[in-house]
Structures are given as C-alpha cells and as structure tokens.
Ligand code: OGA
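One chain comes next, on its own, written out as structure tokens in the form predicted alone.
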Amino acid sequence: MPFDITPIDDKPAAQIKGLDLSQPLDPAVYRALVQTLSKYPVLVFHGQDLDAAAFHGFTRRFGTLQEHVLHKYRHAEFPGLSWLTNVASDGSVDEFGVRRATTWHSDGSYTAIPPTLGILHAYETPPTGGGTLFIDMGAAFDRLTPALQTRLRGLTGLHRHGAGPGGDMYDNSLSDKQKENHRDVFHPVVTQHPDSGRPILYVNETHTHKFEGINKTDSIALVNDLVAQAVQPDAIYHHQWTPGDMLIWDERSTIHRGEGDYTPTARRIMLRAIIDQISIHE
C-alpha cells in the first residue's frame, strides 16, 4: 500500500497516514483506498487542509459527484459538493443544520442506484460534541440469528427520502416538484458487496419505510428492530471531529448519523462529496 493503515481498536475504521490529500495523487492511490474500504469501511485522515477547489479536485477523481437533494446546501461554485453546517448564510444559527442527519441512514438509499462513497472534510468543529457515528452493516448482518438472516434474504425494502420512522426531520425539506419525483425505490434487504462479496443488511431508519408483502405497521416495527440490533454500542465507530479531519466511508456497507449533541451556537462547518459510482480518473 502507498500509505500506512492503522486499525482503530476493534471498530470498522482505520486511520490512514502518509498522504497529503491536497496534492495530486497517482490513480493507484485511489484504487488502493477503495481496496482498503473493503476491510475498513471508514477511513480516517487527520491534518488535511483542502479548500473547496482542492476538495472538489480530490473527490471527483473517485468518480462522478452526486448533486445533493437539499439544494440549499449545495456549494455555489461546485454543485457536486454540499455544506454540512449549522451556520446560515447571514451567520446566524441554522437550526435545521443542527438536527439534520441525526438519525441512522445511508446517503441516497432512496435512489434507484445508490451512491458508493461518502467523503466529509471538517473546517470548523464544536469544542465538545458534534461527532459522527458509523455502523458496519455487514457485521450487523452477521450478528443476526440464522433464522432471521434467512427471512431477510427473501425481503425487499421500500426506500423514499425521509419516509422511514426516523425521517421526520426532513418533512417539508423538498420542493413540490422534488416530492413528485421522489417515489419509492426497491432494494433487497440483504445485498452483496460488489468487492468483498459479503452480505450486507441494507436497511436504515431514515429512508426505509416498508417491506414488500408486510403491512406498514409491521414494516416499521421490523425497521426499528433491525436498526436497534445493528447499532449496539460496542459496534459503533464514534468519530470526534477536529478541524482538518477527513473521512471516506463506504455507503454500500455502512449506516451513519450525526450526534447533534453540541451547543447550536458552536460553529460546525464541513464540506461533503457523495460519489455516485466509482470510476477512477487516470
């Protein structure tokens, strides 16, 4: 590997050392990072310093960037990037920015072809709180009973933006036209990771709201039960942000959420990219 990999305890994460992500990198480095994600679905970098242009240049080498569904937070110059922030354009507190994304989710599970990678870079962080939590959903599937695994392999989940039991925060966040265009998409409850072949539990409380052949009430109960079994405290990777941190995670095999536990007036400003499909540019 062209960099050093240090596993973080027994969590689904590893710290990557020896790379300056603001500098041009050989395509082999990008391929090696993707390869590393098959074993450690969250990669942690410290001490990075990329402005928006450099961050855009780094992230787009992985593949096409997805323009975020919440238009308000798209970067004005680079619409493939989006702000994750509690600071409004006039400097006041963005209350929605504090509570946004604080329930378990996988970005874009409500799209027909969900994205592959999430990348987040921190610029300003609260002195306490404001972390992000991750769960490896391959390991979560492995922890289920064999009988439940067998049952889930035959189920299909219905996903729609903010329609799950934890998605209430997104009420009224989409325009009328967007709501018309956001209908249910169908994904197997158990997917197979394209690189490792590992079975993945593909369910989240923000966007998964029903299962084919199961009524709404029982579907919601099953979503809540599966998420509760997945997010055991000892299985969570908790990242406490500091300025200069960057995380890359595998959207296909993880769920995550922000803690939302910091003082709203403490500034939290991050820039995010979501990679649709990996296609490393030479």
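Being a predicted model, the structure only gives us computed values, none of them experimental. Each residue number is its position in the shown sequence, starting from 1.
Not on display, but discussed next: the form predicted together with the ligand.
Asker: Which one, 131, 188, 165, 126, lies within 4.5 Å of the ligand in the model of the complex by heavy atoms?
Answerer: Exactly one listed residue reaches within 4.5 Å, namely 131.
Asker: Exactly one residue in 198, 160, 100, 74 has a non-hydrogen atom within 4.5 Å of the ligand in the model of the complex; which is it?
Answerer: Selected residue: 100.
Asker: With a cut-off of 4.5 Å between heavy atoms, is residue 209 one of the residues that contacts the ligand in the model of the complex?
Answerer: Output for residue 209 is no: heavy atoms all beyond 4.5 Å of the ligand.
Asker: I'd like to check something about residue 84: if you look in the model of the complex, is any of its heavy atoms closer than or equal to 4.5 Å to a heavy atom of the ligand?
Answerer: Yes - in the model of the complex, heavy atoms of residue 84 and the ligand come within 4.5 Å of each other.
Asker: In the model of the complex, is there a heavy atom of the ligand that lies within 4.5 Å of any heavy atom of residue 258, even though the partner is absent here?
Answerer: Contact with the ligand, yes.
Asker: Spell out, yes or no, whether the shortest heavy atom distance between residue 107 and the ligand in the model of the complex is within 4.5 Å.
Answerer: Contact check for residue 107: yes, within 4.5 Å of the ligand in the model of the complex.
Asker: Tell me the stretch among 131-139, 87-95, 190-198, 147-155 that has any heavy atom within 4.5 angstroms of the ligand in the model of the complex.
Answerer: Correct option: 131-139.
Asker: Need the contact residues for 264-280: heavy atom within 4.5 Å of the ligand in the model of the complex, sequence order, or none if there are none.
Answerer: Heavy-atom contacts within 4.5 Å come from 268, 272.
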